[in-house]
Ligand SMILES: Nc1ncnc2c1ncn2[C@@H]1O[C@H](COP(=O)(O)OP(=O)(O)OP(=O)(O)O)[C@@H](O)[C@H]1O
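A single chain, nothing else alongside it, follows as structure tokens in the form predicted alone.
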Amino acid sequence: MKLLKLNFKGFRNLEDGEIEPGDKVNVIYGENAQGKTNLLEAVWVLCGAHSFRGARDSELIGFNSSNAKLYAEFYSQNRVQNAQISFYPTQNKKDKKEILINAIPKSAADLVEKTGAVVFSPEDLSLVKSGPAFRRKFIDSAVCRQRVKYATLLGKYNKTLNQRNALLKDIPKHGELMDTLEIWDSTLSALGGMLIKERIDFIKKLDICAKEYHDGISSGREILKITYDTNFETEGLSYQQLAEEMLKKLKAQVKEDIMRGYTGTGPHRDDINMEINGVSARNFGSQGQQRSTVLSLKLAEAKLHKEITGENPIVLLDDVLSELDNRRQDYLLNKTENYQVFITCCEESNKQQLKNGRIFKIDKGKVRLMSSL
């Protein structure tokens, strides 16, 4: 996918306008709170109809605007296409938005199938710094965007998990319900086996790609290793065998589960290990190393997106250059030419490192093209 034109009206603090980005790296610079992240958010919204910052649709509408509209022309699936999203505030809890693809009303799912983007924001450092839930969410989101059926599988698993947990809480008061637990165990482990298999297959591919990017970002000084971590043996097992292993664990830990009132085994409890040169990135990595680790994961996600869908995604890097040394900055600015990249930064010196691309300045929401290299 290549973004050819982006038009924004009434969106966040951006002054109504239009940009035509370059095919390679696009640097957006300016002081804090001028709208740099809002511009990246606009691109992301056009690739999936929601904010990567978790904002409600109504929050995307500027303070002095009655609605917001985004329009994009892009090259995807071997032809030039266009998409438009309009946001309208309502009195109801659910906000109103309209999506048009090539002037035909469509859904957000249709938009995802036509487009593709990968985003890094400072909040993504939680992938390394925070608990397992953030890493599970990253993997699930990445797989969902590349395999639509995975989202259905994940939804079924979570629904079954909630029902089993509810049963675990009821059993101490209603012992006769114990006989029904076996049915939920079988269903949960069958779905869990498929989920774990999908995740493991994705992690193995992600590890190979992330290792390659991290080698480039660190100039060959660091080796990144990504592995999937669950509490039973998984190596070389089919999803049916994984389901059997999970079922054994569920049965072995049933007393503990009843005491806790929730299920202690399964993909909802798993984690992803990240190591740099054989030690934990979370426990021993510097700020720059942790940032490089997440960047490597995001670039690897982009490469896998291309392998699975046949289309390069747009890469959005928000405030990515801070806490990176000059060599790591140079790699991101000048050695990611396979993708159309949007990078925000505050430092004047950062944009001066760019050798091939376009530079935009943003000031009080107004975006201007400064140079094209």
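Residue numbers here begin at 1 and follow the sequence given. Predicted model, so just to flag it, every value in this text is computed and none were measured.
Below, we turn to the form predicted in complex with this ligand, even though it does not appear here.
- The stretch that touches this ligand in the predicted bound form, counting heavy atoms within 4.5 Å, is 62-70, out of 320-328, 62-70, 334-342, 302-310.
- Although the partner is absent here, Glu347 sits far enough away that none of its heavy atoms falls within 4.5 Å of this ligand in the predicted bound form.
- Gln353 falls outside the set of residues with a heavy atom inside 4.5 Å of this ligand in the predicted bound form.
- Put simply, Arg358 is far from this ligand in the predicted bound form: not one heavy atom of it is within 4.5 Å.
- Among residues of the shown chain, His50 is not one whose heavy atoms approach this ligand to within 4.5 Å in the predicted bound form.
- Interface residues of 10-46, taken as those with a heavy atom within 4.5 Å of this ligand in the predicted bound form (partner not displayed): Arg12, Asn13, Glu31, Asn32, Ala33, Gln34, Gly35, Lys36, Thr37, Asn38, in sequence order.
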